[in-house]
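The chain below stands alone, shown as structure tokens; this is the form predicted on its own.
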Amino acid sequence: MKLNKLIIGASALAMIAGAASAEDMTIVSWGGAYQASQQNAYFDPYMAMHPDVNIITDESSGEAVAKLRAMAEAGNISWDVVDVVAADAMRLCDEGLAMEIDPDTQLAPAPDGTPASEDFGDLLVSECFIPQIVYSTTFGYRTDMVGDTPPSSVCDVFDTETYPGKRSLEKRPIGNMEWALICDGVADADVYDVLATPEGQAQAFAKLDTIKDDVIWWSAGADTPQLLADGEVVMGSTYNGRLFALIEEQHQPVAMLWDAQVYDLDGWIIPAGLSAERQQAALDFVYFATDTQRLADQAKYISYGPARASSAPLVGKHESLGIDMAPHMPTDPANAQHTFLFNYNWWADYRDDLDAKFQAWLAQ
């Protein structure tokens, strides 16, 4: 991390002999292929259009909440724009550590003039959050281990008679509890109301009990792809981008099961407490980086869906593989016939309690 890097605001340094200094902007993300997609789609084009701006990258998004708290305590905010998951954006917003955004005055409209608030729609889950991508936790399955009738419903995960073999599920309640209730007959719209009750929680655990002996529990995103590649599980949950790499880049005999994929969101926040100059520079960047074309451009490099409705028709081919990316996006209409949107506010209230109950259930 580059906490000791001096961030230079537009008016922070005096002009020397009439020559303007370049303005450094520190943008924080997650590293790896994801940050590389941002470099290609956002950072490099922005610097090409703004030669007076120098973007410095940092890979500390996984620690964003703790580090922004520490910076605020010290009175020294050295980051300008930060990529976070929606749940962290909500926490930072609630704590006053991220600035509120007015999407219709501070973000670009769609090309046809549709206001940003309508174009992003329900994905604007916090006043401080600027959505960038939709990704999902969904299932992949071995095409050579499911017989002549491949699974088509998330509830096939619970059908060990038709699809014998091990499954992999994440070692946490989120997603698993929702899928269990859906596959026990609870309507999607009622899942969180039911799960809020002791009876509903018991119902979810009882459904998970039916496959507990057949589950390999995972903690890291790479686990399920490796288990699938090795043939150790017949199906398993993981992030859709991991499955895309497994299928399209590694050519493993694996297919996607998109049914009841659990949407999650990733996007930008601007830290509170920046100088007026730095705040305006950050706003200028996110205005550019979250417009319709730029969000579609990121999809050339990674199989996560752009957060704007107007971007989806513009998704083209993978930059190196040359394949059409639209069919691989969680937001593609063919994949989004039955989706489930993670309820951030609900889990903020119930997470600690259900984490404890889930771990106790695992230990039984």
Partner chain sequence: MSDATANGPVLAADGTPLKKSLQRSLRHKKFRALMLIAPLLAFVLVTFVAPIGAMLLRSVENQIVPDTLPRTVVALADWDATSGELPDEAAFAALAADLAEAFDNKTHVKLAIRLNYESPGMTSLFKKTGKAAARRFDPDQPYRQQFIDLRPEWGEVEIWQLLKTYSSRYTNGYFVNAIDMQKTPDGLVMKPDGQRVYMASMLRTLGLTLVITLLCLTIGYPIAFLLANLPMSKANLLMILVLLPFWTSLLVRTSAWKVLLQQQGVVNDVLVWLGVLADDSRLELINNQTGTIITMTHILLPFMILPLYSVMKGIPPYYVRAAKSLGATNWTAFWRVYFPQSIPGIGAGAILVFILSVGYYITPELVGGRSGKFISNWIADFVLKSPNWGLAAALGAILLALVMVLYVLYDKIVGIDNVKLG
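Residue numbers count along the first chain shown, from 1. Because the structure is predicted, anything quoted here is derived from the model rather than measured.
One more form of this protein exists, namely the form predicted in complex with the partner chain; it is left out here, but the text below deals with it.
So, A48, R242 and H338: all three within 4.5 Å of the partner chain in the model of the complex by heavy atoms, or not?
-> No, none of A48, R242 and H338 comes within 4.5 Å of the partner chain in the model of the complex.
Proximity to the partner chain in the model of the complex, single hit among D190, E118, E95, D159 (heavy atom within 4.5 Å) | Contact with the partner chain in the model of the complex is made by E95 alone.
One residue of E277, E249, D104, E232 in contact with the partner chain, assessed in the model of the complex (non-hydrogen atom, 4.5 angstroms) | Checked against the cut-off, the match is E232.
Option from 251-259, 179-187, 217-225, 130-138 whose residues, in the model of the complex, bring a heavy atom within 4.5 Å of the partner chain = Partner-contacting stretch among the options: 217-225.
Do D213 and the partner chain share at least one heavy atom pair within 4.5 Å in the model of the complex?
-> Judged by the heavy-atom cut-off of 4.5 Å, D213 is in contact with the partner chain in the model of the complex.
Is there a heavy atom of E63 no more than 4.5 Å from a heavy atom of the partner chain in the model of the complex?
-> Judged by the heavy-atom cut-off of 4.5 Å, E63 is in contact with the partner chain in the model of the complex.
Using 4.5 Å between non-hydrogen atoms, is K166 touching the partner chain in the model of the complex?
-> Yes, K166 sits close enough to the partner chain in the model of the complex that at least one of its heavy atoms falls within 4.5 Å.
Mark Y350 yes when one of its heavy atoms lies within 4.5 Å of a heavy atom of the partner chain in the model of the complex, and no otherwise.
-> So Y350 counts as contacting the partner chain.
Counting only non-hydrogen atoms and a 4.5 Å cut-off, give the residues of 330-364 close to the partner chain in the model of the complex.
-> The stretch touches the partner through A348, D349, Y350, D352, D353, D355, K357, Q359, A360, L362, A363, Q364.
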